[in-house]
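First, one chain by itself in structure tokens, the form predicted on its own.
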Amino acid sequence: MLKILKYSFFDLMRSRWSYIYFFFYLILGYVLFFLNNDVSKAVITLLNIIIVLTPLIGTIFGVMYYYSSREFTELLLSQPLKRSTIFIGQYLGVALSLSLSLVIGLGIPFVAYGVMRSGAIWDFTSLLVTGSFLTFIFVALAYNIALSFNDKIKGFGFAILMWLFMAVVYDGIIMLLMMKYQDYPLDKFALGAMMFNPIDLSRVLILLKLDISALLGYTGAVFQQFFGTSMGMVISMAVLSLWVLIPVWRIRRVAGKKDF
């Protein structure tokens, strides 16, 4: 698995798309500091970009790498190797390379502008950790979709629809439900709804970390009461970990039964 992970990792790191992804965050970081030297404001601006862009890139790269390396994967399947070793090794290679591009791309400008000496270091670290979690989650989900469809068009279509649902449609549905049933106590419903969408959960965690939960109104107070505690943070990180582990478990299960 380590050899396959290493091959997938360096294969993607040599790709021009990985360099584009890296330089995008690198230039974005310097542009933000050129416009405003406040590290805290830069973290808040990056929040909206990372929450939407990172899942999209992870989804596209996951599907794209699976289909582009299918012939090589078939060659590996003809060798005395476990299927789970091949696919999980490829998945980890993709997810790690994208996470590294994110961390280094944003880390260079922030370190250059003194984030290590500012009080926003923990907010910035939380942003990078959350972005890495979202990368691992959506690459795993994309791999699951690609394994389920041999047709590239269907695979890409369902992957984009999955991202669109979690990034946009899901929030709209929750908002409509809360407006329709606003006369009822919806505290637990709102908390539960956050757990079923890693994008929403990541957004709330960072907003509360930045101490701007007042912008969320009454719902923000409820989130602050739950996520602001140590137990709430532990539960939230455990849920994000489950969003990684369950799709990885399904990759192993589907790969073991799929006829290639």
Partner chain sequence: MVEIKNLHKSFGKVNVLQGIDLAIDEPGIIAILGPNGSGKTTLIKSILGMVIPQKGDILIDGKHILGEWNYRNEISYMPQIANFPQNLRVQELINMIKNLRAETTLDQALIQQFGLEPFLDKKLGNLSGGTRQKVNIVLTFMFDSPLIILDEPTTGLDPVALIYLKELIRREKERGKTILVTTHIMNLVEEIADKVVFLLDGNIYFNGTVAALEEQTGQSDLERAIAEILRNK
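Positions refer to the first chain, counted from 1. None of the values given here were measured: they were computed from a predicted structure.
Note that the form predicted in complex with the partner chain isn't included here; everything after this is about it.
A.B. asks: Consider I153 of the chain shown here, and say whether it contacts the partner chain in the model of the complex, taking contact as heavy atoms within 4.5 Å.
C.D. replies: Contact with the partner chain, no.
A.B. asks: Whether L76 contacts the partner chain in the model of the complex should be assessed with a 4.5 Å heavy atom distance threshold; does it?
C.D. replies: L76: yes, in contact with the partner chain in the model of the complex.
A.B. asks: L100 versus the partner chain, in the model of the complex: is there a non-hydrogen atom within 4.5 Å?
C.D. replies: Heavy-atom contact with the partner chain at 4.5 Å: absent for L100.
A.B. asks: Would you check, heavy atoms only and a 4.5 Å threshold, whether I160 touches the partner chain in the model of the complex?
C.D. replies: So I160 does not count as contacting the partner chain.
A.B. asks: Which of 68-76, 101-109, 88-96, 131-139 has heavy atoms within 4.5 Å of the partner chain in the model of the complex?
C.D. replies: It is 68-76 that comes within 4.5 Å of the partner.
A.B. asks: Only counting heavy atoms and a 4.5 Å limit, does any residue of 77-103 reach the partner chain in the model of the complex, and if so which ones?
C.D. replies: Heavy-atom contacts within 4.5 Å come from L77, S78, Q79, P80, L81, K82, R83.
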